[in-house]
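We begin with a single chain expressed as structure tokens, specifically the form predicted on its own.
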Amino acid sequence: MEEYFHSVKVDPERCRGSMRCMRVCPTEAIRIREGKAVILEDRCVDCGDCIRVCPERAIRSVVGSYEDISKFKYTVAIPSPSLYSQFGMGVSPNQILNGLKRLAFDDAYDIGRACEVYITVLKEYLDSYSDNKPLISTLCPSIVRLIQIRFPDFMNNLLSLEAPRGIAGSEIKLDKAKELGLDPKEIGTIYITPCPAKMMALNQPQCKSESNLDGALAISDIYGMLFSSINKLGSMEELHNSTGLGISLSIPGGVITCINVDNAVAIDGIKNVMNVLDDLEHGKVTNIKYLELWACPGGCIGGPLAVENPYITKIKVIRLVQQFGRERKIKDDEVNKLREYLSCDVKLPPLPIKPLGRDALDAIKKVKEREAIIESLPKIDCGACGAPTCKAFAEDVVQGRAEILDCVFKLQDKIVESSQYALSWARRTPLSFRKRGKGTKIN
């Protein structure tokens, strides 16, 4: 059975079973059992929607800590492009990079460089692409996992290019190892992430057989310390040397605007993405060459581990792109040098949801059982059973994850049935018999 790594975890000590997480989960991966949220591993895509709505903050993302930094002789921070928009309009990308370096890192890498390489190669790829099926962006790990689980027919549509964060990790390890005379394994590359999905992709790489990223820190975890570090900056190094191309990748449509390709569409919000993929599956969406898909509303700036309001940060992204421009700064020889880092060396397998039965005959039998249970349910999707829908509950019953009487309506019917039976028995039984103790002999 396929092993899953998930960054999204439930803290049972804090969980109060409010069901908000269950209702918001786009893939129906959450159940409420014995008053606690439980995540079904084969359905979760680590989108983090549950993190946003949990009133008790009982659902969290398992990312790294500063202890990860101490494991290496030399560490480099690689911030997501979305980090540049998390501070006020007067805070520049160069200040943010210098602030990171001042915190606990030996260096900070401007990921805009890797983004420029990615966009250059992507445009070349799309300009030469003539197939009739749309290519699907792999920048968002949650979208890749969603396709593996829910839309496996589109596995061959996934773009086979490493994301900028992976390009950055590869370049840093090789260049710094040569510069410092260290083993690449002694150099730690730490990604500053706006979402839990990047931690998932770090532990289960989606393009390379081995990740060149060694850890991830949530923007929300380091924000306060980074803000303080920026405010204490004196003289600064020139660490930011890219254009606005990389920064534009943090919002929906950013890639499309950069590559200027026809018949390309950007969709954000995982439920919107699922609707589009469903339409594509049924032939309702045609003549699309490239799909830029984001699980988070607003793209990476709307990640559950980001800090600032995504509507405000989008304004800053747009202004930063205007300030630094969209003209590529990286030279062709540098692109060619880094091109090899974009190629994938693994083929992702589909990860279908656990089948109903052990074999075809057992599955057919359980499908019939499920349909019969669904027909007997009220079909109002109240959630009181601990499942998001009546259909999901019926499936849980068939798979042994729930009992039929977990449905309050079925339980009510059972109570009424038992009460009616008891009343009927009382009416049919002589009073003298009912008053006798159990086992009393009747002459």
Partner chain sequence: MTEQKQDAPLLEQEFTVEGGDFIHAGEVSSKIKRILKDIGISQEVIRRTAIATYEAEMNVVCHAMRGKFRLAITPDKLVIVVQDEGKGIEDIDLAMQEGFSTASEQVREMGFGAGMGLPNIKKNMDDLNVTSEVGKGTRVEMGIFTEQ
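Just so we're clear, the structure is a prediction, and the values are computed from it rather than from any experiment. Residue numbers count along the first chain shown, from 1.
Below: the form predicted together with its partner chain, not depicted.
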Query raised in the report: Glu171, Lys185 and Val346: each with a heavy atom within 4.5 Å of its partner chain in the predicted complex?
Result: no
Query - Close approach of Asp153 to its partner chain in the predicted complex, 4.5 Å, heavy atom - result: yes
Report task. Indicate whether Gly283 is a 4.5 Å heavy atom neighbour of its partner chain in the predicted complex. Result -> yes
Query - Interface membership of Lys410, its partner chain in the predicted complex, 4.5 Å heavy atom rule - result: no
Query raised in the report: Is Asp49 close to its partner chain in the predicted complex, meaning a heavy atom pair under 4.5 Å apart or at it?
Result: no
Report summary line: The stretch from 352-360, 334-342, 311-319, 159-167 that lies within 4.5 Å of its partner chain in the predicted complex, judged by heavy atoms, is 352-360
Query raised in the report: Quick one: of Glu237, Glu124, Asp278, Glu179, which gets a non-hydrogen atom within 4.5 angstroms of its partner chain in the predicted complex?
Result: Asp278
Report task. Name the residue from Ile364, Met89, Met225, Leu233 that puts a heavy atom within 4.5 Å of its partner chain in the predicted complex. Result -> Ile364
Query - Residues of stretch 367-397 in contact with its partner chain in the predicted complex (4.5 Å, non-hydrogen atom) - result: Val367, Lys368, Arg370, Glu371, Lys391, Glu395
